[in-house]
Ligand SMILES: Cc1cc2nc3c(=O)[nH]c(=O)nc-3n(C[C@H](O)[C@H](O)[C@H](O)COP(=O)(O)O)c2cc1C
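One chain comes next, on its own, written out as structure tokens in the form predicted alone.
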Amino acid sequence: MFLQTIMLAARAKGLHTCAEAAIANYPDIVRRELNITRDWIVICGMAMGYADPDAVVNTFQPPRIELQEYAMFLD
């Protein structure tokens, strides 16, 4: 929820973000590169900046299931 709030605020200011939970699998590399001591826990990270809409990587659209396949709406 903390990252979500920052990500929403960033979008409101015209920035793009990307949450990165995978770095938690490599805490020693993150600690080394960012000079973080071992008494801190690496949980996740976030990239922030301006997306390049012309970059091929930013055109990826993963397949998605239909809303009705994972949600049920009750009247």
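Just so we're clear, the structure is a prediction, and the values are computed from it rather than from any experiment. Residue numbers here begin at 1 and follow the sequence given. For clarity, a rigid core is taken as the largest C-alpha set superposing within 1.5 Å between two forms.
Below, we refer to the form predicted in complex with the named molecule, which is not included among the displayed structures.
Although the partner is absent here, A10 is not a contact residue: none of its heavy atoms lies within 4.5 angstroms of the named molecule in the predicted bound form. Taking the partner from elsewhere, M48 is found to have every heavy atom lying beyond 4.5 Å of the named molecule in the predicted bound form.
Proximity of E66 to the named molecule in the predicted bound form: non-hydrogen atoms within 4.5 Å are absent; the residue sits far from the partner. The shortest heavy atom separation between C18 and the named molecule in the predicted bound form is within 4.5 Å. Shown without its partner, the chain has A21, A22, C44 in segment 21-55 as residues with a non-hydrogen atom within 4.5 angstroms of the named molecule in the predicted bound form.
Once the rigid core is overlaid between the shown form and the other one, R64 counts among the residues whose Cα shifts by 2 Å or more.
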